[in-house]
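Heads up, the chain below is alone and in the form predicted alone; it's given as structure tokens.
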């Protein structure tokens, strides 16, 4: 059967006929094959699981509620769809989905931006969402519109292949590469070479999970964020014996955020430019061969590097490299590097124009970066939460054509930069941006808040990250101009769950979504993370310090900033102040603004930002009534919270051995608390707690997260197996993070069981009855 015989819709046939000759032949084949898969899937010829991975590799993601159910605040309602067909396990064919559009190194032409704007208008909700990995996402896409979208994108040089799925994702890079005053050299052409070489490469098709690569032109700025990537390359040069300069890279592996953060490890401090693709290929081959495949939660290269140790991992990669047959593409790209040298569209300026416009002057202060090329500047167009409408995108494309050549790039802070703007044009550019409402100041500041989609569209979202970010941005913007510079330049980043798409761990102030049971009601919360470092390529991760109700966070932020300004030493950074003050003192100081009022006193706390529904308000726990009866499980979880907090305090003082021991003890308390649902007499002996917890919660999969599966449960099992071992600082820090996540998972498990989600309407009561045990009361 030929792919050409199978067209998914009349519209797809139209675009196929119109654009096929304009599309890269390999990309055309990918799209034709995918369209064939759509037709075959509709005929029942492809399994759900296989089709899901197929569409993921073309960037077509699932979206919230695509299982056909939505909770209206009172009960779960069925969403009627035209067909019963699925496009993946538990994923309805006709449910809206998300399409991720891959922009290598963030590069984008005016024409490409216009095409994406058209697609957003025709197939989505007219919103283009810039992500923290320099992609653009469109939401509410029907799967059958994807082939047309792919062809229209491919016709202007964009492929969505491997934008999702278990392969190499978008290759990101510093958005000011080539114009940066601090870079060793322009890494743009190298980033493009890595993207082009690995796209569809057979050595990257058998990973257990995704693989993310980033390049940076310098070591100290944040733009590339190499420390948080599976593979990070930082430009470096070496002087040769003959006096010439040789280009190369510091080569890092095994970094990552996610539920548990890992710092990237230095593989070598210099790999020559003509060797970088070969070494990257060898690294991918080792990851494919030795990386975890079955346990998805441990299928990232960071776990492989940690388990092997960097020395053994390096040895394996170098052995693999020695076996690779030579590939001319490893060095062919070097001859193409000059084509990435950008040119200005207009003559160089002579300084920023003098005006009487205070708003323009302030915008220049925050959004204009003087390039290393005299007379030119890079302008950051700030996009609140990464969003730009189709009309704005078309307007921005026109503005780009007026002032620059095709030198736009997306950024990891969800903005777009215009490069090579003549300084003389800055005021006119600013006024043009104002006509499309894209002239807001505040780039790379406390109001430029990063947020993942969260509960708006993401299936994994726990709390409304975009709702919180929008509220914080609105409130902080009213006093932004008057802010002390020490506060103005802080970063806030928000994720809707533990998966770190909002990169909260490298923010000064970060949040990720959790929930808490308060008086028998579930209340949206965020775990606060303090002291991360955005500079130095995301050099240091912050630590979670405590959960705060979503609606209490604006007041908590106000107080936190006030504490910093009034108690910091002269010139002391926020991170240094957090370390000196200690998280315990900070959280205690916030206590009076973080309390959650009773449901009857203030119902607003029980509704998430931007939502009209009460946050699962009917999902009350069994045996609890407005806080009058507290179960032994709640007491156990509270003890776990207390113990892990003590662990953090020990860690802050440098006593990480004690901190690690307390972190493990906290996990035991949490597990014991859960076990007391069934056996109130479970002893304190860690072995017996583990045995009963494993029997009742692990073997039965009751503890398994609906999306993360056994990941958090295995943190406890691993900690139990390793208890008493001497841990270095990094391993102790990891154990502490895992303990926090395990305890959060225990809270979630308690909520799920109390809601009866896993045992029908009778919930835990039926569960206890089935187990023949006594329910516990305190």
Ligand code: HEM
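Positions refer to the first chain, counted from 1. These numbers were taken from a predicted model, which means no experiment stands behind them.
This next part talks about the form predicted in complex with ligand HEM, which is not shown.
- None of 380, 166, 145, 500 but one reaches within 4.5 angstroms of ligand HEM in the predicted bound form through a heavy atom, and that residue is 500.
- Only one of 178, 104, 256, 189 comes within 4.5 Å of ligand HEM in the predicted bound form through a heavy atom, and that residue is 256.
- Proximity to ligand HEM in the predicted bound form, taken as heavy atoms within 4.5 Å, picks out 298-306 from the listed stretches 654-662, 298-306, 400-408, 194-202.
- For the chain shown alone, residue 217 is not a contact residue for ligand HEM in the predicted bound form, no non-hydrogen atom being within 4.5 angstroms.
- Of the heavy atoms in residue 458, some are within 4.5 Å of ligand HEM in the predicted bound form.
- Among heavy atoms of residue 453, some come within 4.5 Å of ligand HEM in the predicted bound form.
- Under a 4.5 angstroms non-hydrogen atom cutoff, ligand HEM in the predicted bound form has residue 137 among its neighbouring residues.
- Contacts with ligand HEM in the predicted bound form, taken as any heavy atom within 4.5 Å, map to no residue of 645-684.
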